[in-house]
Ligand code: FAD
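The chain below stands alone and is given as structure tokens, in the form predicted on its own.
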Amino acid sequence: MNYPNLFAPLDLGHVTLPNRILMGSMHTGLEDKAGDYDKLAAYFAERARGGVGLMVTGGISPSIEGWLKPFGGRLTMPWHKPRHRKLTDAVHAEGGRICMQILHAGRYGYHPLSVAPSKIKSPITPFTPRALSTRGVERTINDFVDCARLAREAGYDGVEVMGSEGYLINEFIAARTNRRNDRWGGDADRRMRFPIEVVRRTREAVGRDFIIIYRLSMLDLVEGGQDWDEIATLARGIEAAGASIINTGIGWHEARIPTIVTSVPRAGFAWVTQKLKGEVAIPLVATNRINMPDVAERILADGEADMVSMARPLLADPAWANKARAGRSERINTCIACNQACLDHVFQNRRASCLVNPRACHETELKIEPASLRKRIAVIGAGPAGMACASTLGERGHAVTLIDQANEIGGQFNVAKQIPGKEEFHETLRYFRHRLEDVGVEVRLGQLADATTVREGGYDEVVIATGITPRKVSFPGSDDPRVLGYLDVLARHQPVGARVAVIGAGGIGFDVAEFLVEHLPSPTTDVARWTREWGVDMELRQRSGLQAPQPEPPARQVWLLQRSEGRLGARLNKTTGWVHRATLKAKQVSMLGKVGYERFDDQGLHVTVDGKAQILPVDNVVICAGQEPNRRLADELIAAGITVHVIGGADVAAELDAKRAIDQGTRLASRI
């Protein structure tokens, strides 16, 4: 068998799971409206069909007070059950099993009705919670129990009690957020009474033949969190109270240590789960940055956990499990942990999706069906937009030719994969190479397409995905050979000196700065180096797993510059931008705004900063000042009277946006 540990059955007593794959909870935005549950049912059904052993819904509140946001998803009344029955029926029809996550947001609730153990405001919401009274605590426990009972009646196979990430239950456990001095607060034993009572009373209400997963915060990563002895004691209490499985929770949402972004090493926190092995007898689930079968198999084979949890990897590829079981792991569309279409969307109150799989959460709308009329189609440009468009057209049965002047597919992905912490782009390129082959796309590399060759090709449709050209910046000395473009550095590998100025502080500027300051291989490929850099105590001798960060010295001295005033990186993505800024700060990068560029000479780069002149003594300048659409071929074809479709960077080149490019290419291909 391929991956024998991953596909070994797991006996929970009343039920046996077919494998060790848990699709972890992830909010999609579809949970919040009754009218979206048909879409949510299709989303879960496709993943059940893909072979997942057990899945967990996004967070569902047990009360209005526990909402994540106003009118968020909840299961509190009998008339809420029919919408949930759509999910359970759809999953069971595909032979799958599904648990509902019960999530009380506590002080993370983005609304004025939020409650918490104590009246302490969260740094990530504008609302100060009301402190629960003693009666309020009892009522809240009953809310959890009633929600679980309704979940069983709605056909769920179990529930997951969300006890981590800084939500209400986690707030009761930590002295940081629990200042009570009654039976629900004070010493550690009283602080952990709340989650134990939730699990104990829930088990009494739902019986023995119902799965209860408890999401245990094993590493708080915030000041005033739990120490390891408290965590182990709570785990034993949760087991005794009747939990079936303990899932690992890593970090609070307000923690300043990244836990799920692509720069976190694969399986970067499995060692935490392993430390709890032996403390309890029920199965333990490892989580965070587990995205490929070999990673999951190693965790299980080494005894670090009994199951592995993957949420975003199953957004990226709903057939992940079936492909792994069949020995087709090279065909898996790997999650690159970019967060751009999943978490970033959710935090913007938008429906989640996936950068590498825009069908995620859009299964009922973005359908890839056989074409009614087979056409000959040329796709010019094998970057993200072109690869997505060509492979989807091929899947639908069209005769597709993909042409690119480069000697390899990927376009800007071949630039991105050079950046420390973005090594996962190698996986995306591997996936597309196989997919293009599987659907019969003819790939012509090293060939420059022009209007004549395209016109003579006799194609029924032409798609232009020729990408971008970097925007140039002109100042005295900008033509000096020591002034480089970002492609000179990342694609052509031109040498760069020990002191560098990077002009442009958008996403590309931050990427180039990280490339220049990191030693290769970067800490993103080494758990021990990475935890040391970020200040995570792998021995767990320190409360919350925190210790002083020990960043490695930078490989170069770098200045990151932008013309506009304000914070550099302000327009970076919400869930990852702070990580990039923190990384460059730790590497002593000087980040300057309101910069004017005067000239470059042997002294260095002459600039004004907020109107004051200074000289940056740099060996090189790297230009990352944006890009323009490369529409030359499109314009030539239009002038020749040929109808073309323009997608990706050739259409809009603002900041390089692979999410938009892949979505645009896929949607166009679904219509032709």
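Since the structure is predicted, the reported quantities are computational estimates derived from the model, not experimental observations. Numbering starts at 1 and follows the sequence shown.
Form predicted together with the named molecule: not shown, discussed below.
None of Val500, Val264, Ala382, Ala305 but one reaches within 4.5 angstroms of the named molecule in the predicted complex through a heavy atom, and that residue is Ala382. Proximity to the named molecule in the predicted complex, taken as a non-hydrogen atom within 4.5 angstroms, holds for one residue of Phe432, Phe413, Tyr167, Phe600, which is Phe413.
Within 4.5 Å of the named molecule in the predicted complex, a heavy atom is found for all three of Thr466, Gly649 and Lys659. In the predicted complex, Asp157 stays away from the named molecule, with no heavy atom inside 4.5 Å. The named molecule in the predicted complex comes within 4.5 Å of a heavy atom belonging to Leu633. In the predicted complex, none of the heavy atoms of Gly73 sits within 4.5 Å of a heavy atom of the named molecule. Proximity of Asp511 to the named molecule in the predicted complex: non-hydrogen atoms within 4.5 Å are present. Only one segment in the set 532-540, 363-371, 396-404, 296-304 has residues whose heavy atoms sit within 4.5 Å of the named molecule in the predicted complex; it is 396-404. Taking the named molecule as positioned in the predicted complex, the residues of 423-453 that bring a heavy atom within 4.5 Å of it are, in sequence order, Phe425, Gln447, Leu448, Ala449.
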